[in-house]
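The chain below stands alone, shown as structure tokens; this is the form predicted alone.
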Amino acid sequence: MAESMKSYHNSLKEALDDSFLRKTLDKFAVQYKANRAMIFADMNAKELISEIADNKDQAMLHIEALYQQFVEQASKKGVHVHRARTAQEANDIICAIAKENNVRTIIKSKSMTAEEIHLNHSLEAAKMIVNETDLGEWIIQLRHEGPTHMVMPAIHLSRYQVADTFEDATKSKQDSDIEKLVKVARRELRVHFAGSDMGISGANFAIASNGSIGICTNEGNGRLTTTLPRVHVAICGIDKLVPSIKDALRIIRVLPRNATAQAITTYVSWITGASECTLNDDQKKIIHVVFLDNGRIDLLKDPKCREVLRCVRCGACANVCPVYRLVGGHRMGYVYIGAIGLILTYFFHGHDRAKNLVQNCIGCEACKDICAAGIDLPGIIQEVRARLNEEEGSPITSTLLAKVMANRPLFHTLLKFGKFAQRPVTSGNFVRHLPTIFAGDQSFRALPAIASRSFRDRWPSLETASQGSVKIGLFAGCAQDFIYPEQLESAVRLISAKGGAVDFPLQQSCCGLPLQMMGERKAAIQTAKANVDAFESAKVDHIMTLCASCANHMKEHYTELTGDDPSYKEKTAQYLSKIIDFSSLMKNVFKFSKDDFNNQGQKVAYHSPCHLCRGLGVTQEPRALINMAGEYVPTPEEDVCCGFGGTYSVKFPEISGTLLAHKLDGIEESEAKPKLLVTDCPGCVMQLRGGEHKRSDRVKVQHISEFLDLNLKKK
């Protein structure tokens, strides 16, 4: 059974207190990003990843034919091929092979598929001795732990912890020097390589055209495991089948680059047929390949989630995940870790194990942006959340919020009522303190007060042109309508300064992203349709939003959300074709230049919202605009999540607060020492401004619309 949410939070806090884990994963994340950029510098990574995605999709559509072709070709070469429907069947098959061949001792090279089925437990229960030979896997086997990363299973351990582990295993004092520890491992494992009856490996590829398997490793243990023992068993998911070696080589161009920023792994081994082996009666090596289903074929039939089967197990989704970076794989997965692990736990190991884990995604899209197979990992995580709600029922808070947000008049009435209810607990623009029942662990930031007048209430009195060269429809979203209306007013003034006309349909409501993140599918559909309807009669050239998250959510999900209703197909497409973010509108449509601003050389830092830089692919426009009205100064990791994530910051405040502190520390301690920070997202403003307010406002935080408006030349 899975742990409760309370105990899960306790384990997260435990991980956050592990200073070595934090330091190690921080260092790795920064180095990995720089090294990956260099190793892909001479390649069109996006194009190659798109090819891999298409080819993997095609392979899975023909999986049964590929399997039969592999069986036919491998059998001709003396290989025995098996197919296991479940994890237990796979374990039973491998145990039977071992018993049939009088196997007592087994060596294993690294295999996530073997971890998936808990193979070691079954073999040990059958009285066999099993030794992992991958250095990281051997270390965690000695410690009775699971891997914390798919490629680097022991990255969470210090050399001192490894030395202690080796001391317990060898019963002798060990030096903590890394080279000496590696020599200890080689010495201890050499005996097992020489004396084992069976070697078990995974397989990165199963080539249907010739019945070969391919294995990518960085240690020689993989080749020793597959060549020295008289019996070799390879276990792999049936999704590892590819038509030809050309398809495998295409993946190899990306796999090591994405996994460890290497051009190629140290070893790429191809095994075709049974080689000579004098230890067996027929002088041939005994080779078995076990293909595992374990839910993969059912997943293939799932149109919303089957692209998960493209995964090449590079582990990059963990490498760039801000949550994994803080808490490691033991809190960010069950067997598989990172974003892919949250999903595969649901499909391979049960809903109960997944229900807490799958909540722990901040939705920053870093995993989607880097995935070697182009999988929409955050989108599928949201789909899994929705299914869990449908299967087990939504939490009461989620249900109530969904009912309110789906009813625009009620939602807006409650927000307007909130401005009066908040008066006893507010001071200036911030909530001074929350009643204990609502406070939770939100002490890491100051929360904003609801504005005294919403933007929709201010709209009738704003001076705007009804006619202009370009007509802009404003999509406000919740935060800027009711909390930060001044950001929208700044945008209106900027549009008007360039002769643009502005319209604001009053029937619009929340974009629905919070509902999507909570898995409240029905309410998300209702809000999507309401917004499409609200702008249908508005004759505008563009629909601008100052919230990158709103724009990205609408562009990514509205087609699907309204797709079951044919009457919305055309008008949803029309609506989405007009969506544009603020910075792109200012820079590319209205073509603001330095001549439009009073630039006093103020040093300005920039936080790049996740859904702008990755979701919408907008990176240069905001920085160019900043340089028109001030001096943009780079700061560390500008595109790393600030920790907001909407409702995530309420559900996981311990992680949200830590990410916020890291972000603000980087800005405040940067070489330029900027006193102003701007961003393109009201959610990020809320998080960053609230954090800075707790720090006595050492750095001022503004939406980029406010910054540009304040420096606009008055005509």
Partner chain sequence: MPGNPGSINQANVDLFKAKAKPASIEVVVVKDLKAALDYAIEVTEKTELGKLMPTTPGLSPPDDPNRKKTLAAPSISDEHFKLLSQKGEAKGFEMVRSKLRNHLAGIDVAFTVADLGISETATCVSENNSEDYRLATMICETHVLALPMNKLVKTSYEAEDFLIKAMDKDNNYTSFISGPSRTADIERVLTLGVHGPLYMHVALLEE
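Nothing here was measured: the structure is a model prediction, and the numbers come from that model. Residue numbers count along the first chain shown, from 1.
Just so you know, the form predicted in complex with its partner chain exists too; it's not on screen, but the next bit is about it.
*Asks:* Among A125, A573, A96, I178, which has any heavy atom within 4.5 Å of its partner chain in the model of the complex?
*Replies:* Result of the distance check: I178.
*Asks:* Could you work out which of D564, E463, D281, E276 is the residue within 4.5 angstroms of its partner chain in the model of the complex, going by heavy atoms?
*Replies:* Exactly one listed residue reaches within 4.5 Å, namely E276.
*Asks:* Even though its partner chain is not shown here, does A354 get within 4.5 Å of it in the model of the complex, heavy atoms only?
*Replies:* It does not: once its partner chain is placed as it appears in the model of the complex, A354 has no heavy atom within 4.5 Å of it.
*Asks:* Looking at the partner-bound form in the model of the complex, is L410 within 4.5 Å of its partner chain by any heavy atom?
*Replies:* Although its partner chain is absent here, L410 would stay clear of it in the model of the complex, with no heavy atoms inside 4.5 Å.
*Asks:* Please determine whether I207 contacts its partner chain in the model of the complex, using a 4.5 Å cut-off between heavy atoms.
*Replies:* Although its partner chain is absent here, I207 would touch it in the model of the complex, with heavy atoms inside 4.5 Å.
*Asks:* Does F193 reach its partner chain in the model of the complex, with heavy atoms at most 4.5 Å apart?
*Replies:* The answer is yes: F193 has a heavy atom within 4.5 Å of its partner chain.
*Asks:* Please determine, with the chain shown alone, which of 681-689, 23-31, 646-654, 659-667 has non-hydrogen atoms within 4.5 Å of its partner chain in the model of the complex.
*Replies:* Residues of 23-31 come within 4.5 Å of the partner.
*Asks:* In the model of the complex, does every one of D42, V162 and G220 come within 4.5 Å of its partner chain, counting any heavy atom?
*Replies:* Every listed residue reaches its partner chain in the model of the complex, so yes.
*Asks:* Since the partner is left out here, which residues of 134-163 would have a heavy atom within 4.5 Å of its partner chain in the model of the complex?
*Replies:* Going through 134-163 in order - heavy atoms within 4.5 Å of its partner chain in the model of the complex - the hits are D134, L135, G136, I139, V151, M152, P153, A154, I155, L157, S158, R159, V162.
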